[in-house]
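First, one chain by itself in C-alpha cells, the form predicted on its own.
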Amino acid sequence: MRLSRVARVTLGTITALILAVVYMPLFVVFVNSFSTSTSLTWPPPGFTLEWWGRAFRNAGALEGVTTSLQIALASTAIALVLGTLVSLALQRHTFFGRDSVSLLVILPIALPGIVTGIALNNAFRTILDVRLGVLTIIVAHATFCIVTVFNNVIARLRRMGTSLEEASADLGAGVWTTFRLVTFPQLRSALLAGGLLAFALSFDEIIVTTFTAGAGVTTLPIWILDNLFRPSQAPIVNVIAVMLVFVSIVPIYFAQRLAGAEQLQK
C-alpha cells in the first residue's frame, strides 16, 4: 500500500511526537547525571563526572545492585524451568482444563503490580507465616517472569510441530533422550530470549518488590526510590537510573535480535 505525501508526513510527525514524549524524560535524566547541581534542575548549570565516581563508591547503591542481580538471576532460573515445563505440558498434551491453566499462567503479568504485591504479601505473612526477605522476592518475581518464558517457548513449540519428536520416538529414543537431542536444541534461542526478558523484568521491578521485601532488603529500584528526594543524592540517583536503563536495554536488545534472527531463518 502506497501512502500519499501528506499521510507520510502526518504519520512521521505523530511518530516523532510519541517518541519524544517517551524518550525525552530519559534524556533529561541522562544529562542531569552529569550536572553540577545537587538538585533536579533544568537546564544544568554545568557538567561534571563527579557523581559517576560517587555512584560507583556508594555502598548502598552497590548493595542494591548485588541484591537485584541475585534476585533476577534466581527468579529467571526458576522461570526457565517452570515456564518450559508448563509450555511442554500445555502444547504437547490434551487434558481437561488446559485452557484454564493457560489463562492462569499468563494472568500474573496482566494483573496490576500492586494487586499482585498485596496478594503475595498476605499469602506470605498471613497464610504461610513466612518471613519476608530475599527468598519471598524471588518467588514473587518468578510468578510473572514465568510468563515471558512460557510465551516464547510455547510459540516455538507451535511452530516446531511434533514430526521430529515422533520420528525420534519411532527410532527407539526415550522421552529424555528426545528432549535432550531433538526438542531442546530447537528451543535454545527461545529460552535465551525468554530468559533475557525475564531478567530485565525482575531487575527493575519495584511495586511487587516493595510488598514482598523484608526489613533490611534493598534492591536497586528501592534504593533509587528511597534516595530520590534526599539532599545531594539526586545526581547519584540519576547516575544509577542511567545505569539501570542500560542494564534493562541490553537483554531486551539481544532478545529482539534473537527473535529477528529466527524470523529470517524461517
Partner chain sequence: MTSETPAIRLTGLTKTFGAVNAVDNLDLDIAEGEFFSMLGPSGSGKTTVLRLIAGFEMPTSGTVELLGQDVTSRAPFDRDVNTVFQDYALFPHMTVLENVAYGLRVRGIAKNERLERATAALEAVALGTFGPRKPSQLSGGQRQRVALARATVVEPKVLLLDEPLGALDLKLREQMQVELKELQRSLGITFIFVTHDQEEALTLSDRIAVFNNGRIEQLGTPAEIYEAPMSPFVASFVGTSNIFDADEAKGMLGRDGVCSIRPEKITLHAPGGKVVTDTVALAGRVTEVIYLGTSMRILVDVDGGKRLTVLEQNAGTASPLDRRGEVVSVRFSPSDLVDLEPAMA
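Residue numbers count along the first chain shown, from 1. Given the structure is predicted, the values throughout are model-derived calculations rather than measurements.
Beyond what is shown, the protein has a form predicted together with its partner chain; the following relates to that form.
S.K.: With the partner removed from view, which of 72-80, 190-198, 168-176, 88-96 is the stretch that lies within 4.5 Å of its partner chain in the model of the complex, judged by heavy atom distances?
M.R.: Answer to the contact question: 168-176.
S.K.: Within 4.5 Å of its partner chain in the model of the complex - does that hold for a heavy atom of every one of 32, 38 and 55?
M.R.: Checking in the model of the complex: none of 32, 38 and 55 is within 4.5 Å of its partner chain.
S.K.: Between the options 151, 186, 121, 102, which residue brings a heavy atom to within 4.5 Å of its partner chain in the model of the complex?
M.R.: None of the others qualify; the residue that does is 186.
S.K.: Identify which of 134, 109, 164, 130 has a heavy atom within 4.5 Å of its partner chain in the model of the complex; exactly one of them does.
M.R.: It is 164 that has a heavy atom within 4.5 Å of the partner.
S.K.: Just to confirm, residue 181 within 4.5 Å of its partner chain in the model of the complex by heavy atoms?
M.R.: Close contact exists here: in the model of the complex, residue 181 approaches its partner chain to within 4.5 Å, heavy atoms only.
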